[in-house]
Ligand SMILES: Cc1cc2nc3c(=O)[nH]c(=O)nc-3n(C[C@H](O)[C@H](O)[C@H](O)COP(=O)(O)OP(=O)(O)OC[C@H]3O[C@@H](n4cnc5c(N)ncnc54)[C@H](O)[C@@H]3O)c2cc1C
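Just one chain follows, in the form predicted alone, and it is written as structure tokens.
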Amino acid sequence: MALTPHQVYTGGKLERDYEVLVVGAGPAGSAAALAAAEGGCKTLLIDRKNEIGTPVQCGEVVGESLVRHLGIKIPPQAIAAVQDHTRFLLDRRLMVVSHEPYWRSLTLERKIFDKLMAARAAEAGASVQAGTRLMDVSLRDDKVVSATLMHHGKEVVVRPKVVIAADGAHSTVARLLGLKLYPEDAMAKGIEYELVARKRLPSGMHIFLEPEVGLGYGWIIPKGPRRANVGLGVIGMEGSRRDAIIDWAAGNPVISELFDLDQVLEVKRGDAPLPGFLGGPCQGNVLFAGDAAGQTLAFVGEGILPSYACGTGAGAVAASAIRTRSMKKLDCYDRAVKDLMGSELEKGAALKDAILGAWADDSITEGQRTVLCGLIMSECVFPEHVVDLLPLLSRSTTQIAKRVRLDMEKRRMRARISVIRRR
């Protein structure tokens, strides 16, 4: 079988004239490289890590409804667990169990998922190179005309027509262009341990909102009957992340009952951009995708599938611009992102803003804030109804649960709320 132009063997050496350079082989980058290669472009996908998919920097969970909405085929071998509901534990006083479609989820093995997504790009004809770092870019008229890469210990200069920056919230491409996308205080800092449980885990994903966490939340994300990611994502986290998770896990009655912190399989950490959705940003001939563009559901930090969808848009727009020899086509990227994920991303941003507003309300206690934030996050309360709920927060936990339960029944939510006594 004859090789296509994109499959000519080069002995592992990089050529100079790739049409599309994709930086970062996470979900956004691999999707972009796949779409660009399928669009007929000579494409190079690079990742600075020696192994694509490592280290893992997220909770590894994706929404089942998003999988269906986007039509993404998740390789079965990359699925660690399936959850048909999510439990929200609010100030250790209330529990919401939601079976709403949005809160059904899959837990991935990101190391497997990311590598298989990059393999799909390679199978489509893209060149894929792990262990290859972007060192510098040269600009002319605010457009990248060349990029210097460190590949196999040697500097290589390539001359792409379009660059897709899919290299995360701390984007090297942005830094080299002199852009400051996210200041440090605009990052939610995450830390999690993959742990082995003492006994079989209760079903469903668990999300904890409580004063002990602060502005953020904790989680248990199952990866099997007795294995789970246990972590924290906090805005304004200070000091050691490891100290934060150890202190919280030791003091949380659910976590301490289920897990020992001397059975850690993996430590994972990462940052998520707090501002969330920034549209489909384009700078000259550079398209930003994934976390580098804030293409996450900001109120929960889910970025895997939104990044993949938006990366697909970036690759398709780049291929269209190159095929028609019109770089003005890159301006269509914003529209493409909005068509692919705009409504979901904008809804996530609105929920994030409502949660931040609730947390900043000094008229209520920390415990009341976490209850309110949890009711917003679980969508038991719509942001526009928060003002009506505020007087209720000073009442007993039983009264709060009764009122919210009535609202849930009116909306026919597939969820229930109950009083728990964990404090």
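From 1 onward, residues are counted along the sequence shown. This structure is a prediction, so every number in the text was calculated from the model and none was measured.
Only in words, not in the display: the form predicted in complex with the ligand, which the text now covers.
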{"property": "The ligand in the model of the complex: contacting segment from 216-224, 325-333, 250-258, 79-87, heavy atom within 4.5 Å", "result": "216-224"}
{"property": "Partner contact for residue 344 in the model of the complex: the ligand, 4.5 angstroms, heavy atom", "result": "no"}
{"property": "Interface membership of residue 57, the ligand in the model of the complex, 4.5 Å heavy atom rule", "result": "yes"}
{"property": "Exercise: residue 302 in contact with the ligand in the model of the complex, heavy atom 4.5 Å", "result": "yes"}
{"property": "Residue contact check: residue 287 to the ligand in the model of the complex, 4.5 Å heavy atom", "result": "no"}
{"property": "Check all three, 27, 166 and 270, heavy atom within 4.5 Å of the ligand in the model of the complex", "result": "yes"}
{"property": "245, 134, 94, 207 - the one with a heavy atom within 4.5 Å of the ligand in the model of the complex", "result": "134"}
{"property": "Within 37-52, the residues that have a heavy atom no more than 4.5 Å from the ligand in the model of the complex", "result": "46, 47, 48, 49"}
